[in-house]
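A single chain comes next, written as structure tokens; it is the form predicted alone.
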Amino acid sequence: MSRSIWFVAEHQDGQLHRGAAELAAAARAVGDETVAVVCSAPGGTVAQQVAPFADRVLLVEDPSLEPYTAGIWAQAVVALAKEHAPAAILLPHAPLGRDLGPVLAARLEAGLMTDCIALEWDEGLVGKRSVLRRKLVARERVTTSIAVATCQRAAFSAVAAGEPGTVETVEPSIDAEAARTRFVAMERAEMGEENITEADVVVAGGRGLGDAEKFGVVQDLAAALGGVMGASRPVVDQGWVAHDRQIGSSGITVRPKLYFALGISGAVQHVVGMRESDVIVAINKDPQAPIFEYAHYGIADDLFKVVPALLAELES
């Protein structure tokens, strides 16, 4: 029997979120068929944008589906799920998934797993989750006929775009008047640096930098590489940088193409947040620093000698 794994396509202002390709990868890892569910107002192009990452796209179009509200989207997805009975429904562990996931699970009487870092199939959907501030990994299995799971950003390598899947427009089963919440307005925060979880290059600094004034070398290297700045927890605790730059068990997870660790010892609490990076470069004067166990390239030297030399090479 074919196992169909669905993922809900996240989008805003008519643009598909790049995390959809990660959800598609998670779905492909455990299913025989990958199906993207798109909820949108009529006339959008999100279904076409997500089609290269799925075998099929189920498109539900209704004016009440945009902008997003959990109650309306849940009506659409639950009706589809009851009709087609997927093995699992995946969502991003982001505001969308944290909001919509529990509603779907409750209405489908389905088991729910959140913040999964890996998925497999073993007589049901099995998810791995970091627990106890990411000191341990729990392995959980959903025993209901349909599973609902949210997947951690950057925990799954994005699947490459391929031949577009078929797009099937389905009749919406929505009663907008029955919704208990309604969209009022969106207030956008002032945008600063690029979202660190979506950056291709991350340069992170640790306690080995010495003090806040010396943290400028991290910013300089990040700027030269076209990347963004990150930090370990001790740096954040000292108030050198803001908490939204913190990478690790009590911060965020990143999976860039290139990760620089400057003056970071490599404690497990930090490593769990960056070890899946494509290429890791560590610079630390302590040759025994644990970070070198995870680095593809390591330099055991004074970072205040190495980084200026690297910057000079980049400028030339």
Ligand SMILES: Cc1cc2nc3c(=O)[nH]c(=O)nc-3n(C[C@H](O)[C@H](O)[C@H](O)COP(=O)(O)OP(=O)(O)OC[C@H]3O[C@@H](n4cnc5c(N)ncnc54)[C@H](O)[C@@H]3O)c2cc1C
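Counting begins at 1, following the sequence as shown. Here the structure is a predicted model, which is why all the values come from computation and not from measurement. We call the rigid core whatever largest set of C-alpha positions still superposes within 1.5 Å between the two forms.
Separately, the form predicted together with this ligand exists; it is not shown, and the next lines address it.
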Against this ligand in the predicted bound form, would residue 303 count as a contact residue? Criterion: heavy atoms within 4.5 Å.
yes
Test of understanding: in the predicted bound form, would residue 56 fall inside 4.5 Å of this ligand by heavy atoms?
no
How about residue 206 - does it come within 4.5 Å of this ligand in the predicted bound form, if we only consider non-hydrogen atoms?
yes
So, in the predicted bound form, is residue 246 in contact with this ligand at a 4.5 angstroms heavy atom limit?
yes
Just one of 154 to 162, 170 to 178, 230 to 238, 111 to 119 has heavy atoms within 4.5 Å of this ligand in the predicted bound form; which?
230 to 238
Can you pick out, from 36, 264, 27, 39, the residue that has a heavy atom within 4.5 Å of this ligand in the predicted bound form?
264
Can you tell me which residues in 278 to 316 come within 4.5 angstroms of this ligand in the predicted bound form, by heavy atoms?
283, 284, 285, 286, 289, 301, 302, 303, 304
After fitting the rigid core, is the C-alpha of residue 70 off by 2 Å or more between this form and the one not shown?
no
Large Cα move at residue 210 between this form and the one not shown, threshold 2 Å, rigid core
yes
Please say whether, between this form and the one not shown, the C-alpha of residue 240 moves by 2 Å or more once the core is aligned.
yes
Knowing the shift is 3 Å or more, I'd like to know if the C-alpha atoms of residue 271 and residue 152 are closer or farther apart in the predicted bound form than in the shown chain.
closer
A change of 3 Å or more separates this form from the other: in the predicted bound form, the C-alpha atoms of residue 251 and residue 12 are closer
